[in-house]
Structure formats: structure tokens, C-alpha cells
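As C-alpha cells, one chain now follows by itself in the form predicted on its own.
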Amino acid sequence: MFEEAQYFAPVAKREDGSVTVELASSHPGFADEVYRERRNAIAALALNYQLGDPVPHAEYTEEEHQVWALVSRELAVKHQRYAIREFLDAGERLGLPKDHIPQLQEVSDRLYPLTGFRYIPAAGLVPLREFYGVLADGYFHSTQYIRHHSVPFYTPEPDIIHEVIGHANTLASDRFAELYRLAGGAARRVESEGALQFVSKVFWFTLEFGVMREASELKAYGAGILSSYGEIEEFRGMDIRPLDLKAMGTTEYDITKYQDVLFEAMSFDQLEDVVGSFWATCDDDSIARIVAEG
């Protein structure tokens, strides 16, 4: 759940080279000048990054490391109850630190030997085609900032907790990593903005907010659910619908609220067969045919 227009705070680079992250007045860190200056500095690191360079080191305060430790500890308990086994096993393989915020380079160094994925820093919003396209090459764009320490279980925008606890644990799975790559290939293959939006929505309702039946229980595998302290407790009460490409690719969603419509895969095999096969082969024409189906 992220606030409207704050899904990513706008980032401005001035003529003098300075960088400003434009937080909304409702943002928990809006009145904290120290936090805002650090957000600006972290955004500047990403803006100056060149692909192939080591990810620049971001400085974090002790309060922020404590936020990571607290949220990591609480989410780990919830994951044991609500996450699918593939996610849990991948998290054990990755072995993220629990007592401090990992640097993105550290995440890459742990992840690359497992599935070939690496993290690259993002200052804020990344254009849709670029964000998804580089997945085909084994790169994942990630923010480096963390939520304001005053509200450790809430963020109005995706932060490093979402990007790493949600996505890096998932990317440590060979099966999930292949799905991410296929989504990236699909984003590069399609030409129209409509087809790209369709691919993006399928990603949203699966790898961000997907649920799956496992041993007769409804479990979560989407990074958006598994990184949200509140949403992970609520997803079983939502409108759960069967996995359906047309429905996922055409359903509108509101990022400012918990996702009230979710699509259930009956197994990981079904997710790969339906969604993986779609991403592996889709183009503008095939997507148009899906949308036109009665």
C-alpha cells in the first residue's frame, strides 16, 4: 500500500548538481531535515551510478539499522505462517543480515552466485520499459533509502525493505528468478504502451501481489505482500480470484490501499505454465487477442 503520487517521491537535479527528493507534506519524514538531507544524498548516489560500477555505499543511521532489525524480525515470524515454501527456502539460501541494512552491493554479492541477479540503484521512479527490460539481463532496480524511523511498519513509497526483503528473497529462487527474466523479455518484446501495461499488470498481480494454494492453505508469494507488515495479515480476506491472464492484465488497481482483488495460483507449476509461458511468448498481437476474448 503506497500513497497516491508518492509511489516514488519526485527527484530533481538542479543546475548546480544538487539533488532534491520532493517529499509530500504527509510523508513521515517531511519535517525531519536530517532525514531529508540524507534522502537527497542517497538519491544522488543512484543518479551518478553507471552500470557495471560497484553500487555506491549508502550511509545509514543507527536508528535506521534498528528499523531494519525490527521489521526483519517481525516479518520473519509472519513469513513462516503466510509465505510459500519456495520463498522460505530461497530466503534461507540468501541469508540476508537481520541486524543491519545490507548495502545493495552486498545483496548482489549474495544473490549473483545463486541465480545470476544483481541489484542496481534507483533514485526514484524508473521508466516502465527500463525497469522491466533489465530483468531479462538479471538486473533489478532498487531504492536505497529506508522508511522514516518514526513509523517502522509503514512506508508511503517502496523502500529498501520492500525491494530487498520482498524481492531479493524471491530472486534467490531459481524458479522465481526465471519468471522475472521472462517478464523482462516480454517487456522488451512488446512495442505498444498498451501491451507493456498488460505485461506490467500481470507482474503486479503475480510477482508483486500473488497468492498460491499450498497444502490446502492460501499462502503469499508476491513481494508486495511479503514485505508489508499489515497487508500480510489481511490478504486471505480479500476477493480471491482464479489465475487468469485477461483478468490480471486488464484489472485496475489502487496503490493507495491494500490490494482487495488477488489472483490465486493453484500451484507453482500452474504459475509457470500460465504466467511464465505467457511472458515467454507474448507480443502485441497475442495480447490483443487475449484482451478481445469474450
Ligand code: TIH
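Numbers for residues come from their place in the sequence shown, where the first is 1. The structure presented is a predicted model; accordingly, all values stated were derived computationally and were not measured.
Keep in mind that the form predicted together with this ligand is not shown, yet the notes after this line are about it.
Checking 94-102, 107-115, 187-195, 146-154 against this ligand in the predicted bound form, the stretch whose residues place heavy atoms within 4.5 Å of it is 146-154.
Contact check for residue 180: no non-hydrogen atom falls within 4.5 Å of this ligand in the predicted bound form. In the predicted bound form, this ligand sits beyond 4.5 Å of every heavy atom of residue 87. Among heavy atoms of residue 208, some come within 4.5 Å of this ligand in the predicted bound form. This ligand is not drawn, but in the predicted bound form it has a heavy atom within 4.5 Å of residue 255.
The contact residue chosen from 141, 79, 201, 162 relative to this ligand in the predicted bound form is 162, the criterion being a non-hydrogen atom within 4.5 angstroms. Shown here without this ligand, the chain has 208, 209, 224, 227, 228 in 207-229 lying with a heavy atom within 4.5 Å of that partner in the predicted bound form.
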